[in-house]
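In structure tokens, one chain follows: the form predicted on its own.
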């Protein structure tokens, strides 16, 4: 049979336009970021988190004062052009101490969350994937650790290591990964019965490869949200411990210890409590707004 031009006809213009792709396809992360940008509170939280992190890093280069330098001639001076946040009872610049406090508070938040991500995800992934006796034993360990108040960890570590940043980091790290492990375990239990896991097993993939390359990446939505919300929780907990005297040792200071020092003269010099408290509130709110925005952006049910 001979094929000729008469056997073909042109597709109408309207039909050609209906077949055009109106917009390029997007990956899950690009689509999530597009929806995140529509949430103004989440983006404001993201910008503030980036801002306060950068400020904490470059503090030595933007402040002309030392966090520990004392000048009793300038004790309890209110906010001025030279001292934007005023000075404390020892004549130390509060603006500088708040910035240095941001370093410690944010370090606690980020380090604890990183350890939470690493250990909690692996622990929960292993428990959920293998199931059975392994899952039962691992979850009972989690239940036992949940039953121990965090203050006991802190007090015991204070006796062994002494007061300071390492004790706080270890104490928070011992308790903060438990929630992450439970969340990841629940996600793995629902995902491991999916067809893509069966396909990976059929192709000969090892258990570790299935966990690390297939299951955990599909849990990144809840993991990222939990990780984001764990940062302000760790910051607030560290501030509370420092406020009651179980945190950072002088002359170093975190936001919590600055607030604790200011309580002695709160009625006379309220500005000394205002600025560290404001720093805690704004940072915690920023992370919470960001976490809520990520939860909505990464939720597949929210896709349109």
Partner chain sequence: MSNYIVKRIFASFITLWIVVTATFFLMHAMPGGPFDGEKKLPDQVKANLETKFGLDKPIMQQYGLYLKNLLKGDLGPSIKYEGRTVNEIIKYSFPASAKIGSVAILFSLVVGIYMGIVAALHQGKWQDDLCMIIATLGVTVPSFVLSTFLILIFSVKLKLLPPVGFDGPLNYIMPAIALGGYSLSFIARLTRSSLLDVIRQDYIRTAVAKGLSKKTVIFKHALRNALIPIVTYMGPLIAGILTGSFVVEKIFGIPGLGREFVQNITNRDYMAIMGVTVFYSAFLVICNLVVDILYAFIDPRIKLE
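Residue numbers count along the first chain shown, from 1. Here the structure is a predicted model, which means the values were calculated and not measured. Definition used throughout: the rigid core is the maximal C-alpha set that superposes within 1.5 Å between two forms.
Beyond what is shown, the protein has a form predicted together with the partner chain; the following relates to that form.
Only one of 148, 198, 212, 137 comes within 4.5 Å of the partner chain in the predicted complex through a heavy atom, and that residue is 148.
When you look in the predicted complex, the only residue of 53, 39, 70, 277 with a non-hydrogen atom within 4.5 Å of the partner chain is 277. A residue is said to contact a partner when one of its heavy atoms sits within 4.5 Å of a partner heavy atom; residue 248 fails this definition for the partner chain in the predicted complex, lying far away. Mapping the unseen interface onto this chain, residue 186 falls outside it, with no heavy atom inside 4.5 Å of the partner chain in the predicted complex. In the predicted complex, no heavy atom of residue 82 sits within 4.5 Å of the partner chain. Put simply, residue 244 is close to the partner chain in the predicted complex: some heavy atom of it is within 4.5 Å. Only one of 122-130, 148-156, 189-197, 108-116 places residue heavy atoms within 4.5 angstroms of the partner chain in the predicted complex, namely 148-156.
Candidate site formed by 62, 64 and 178: none of these residues places a non-hydrogen atom within 4.5 angstroms of the partner chain in the predicted complex. Contact annotation for 253-267: residues with any non-hydrogen atom within 4.5 angstroms of the partner chain in the predicted complex are 259, 263, 266, 267, listed in sequence order. If you fit the rigid core between this form and the one not shown, you'll see the Cα of residue 202 move by less than 2 angstroms.
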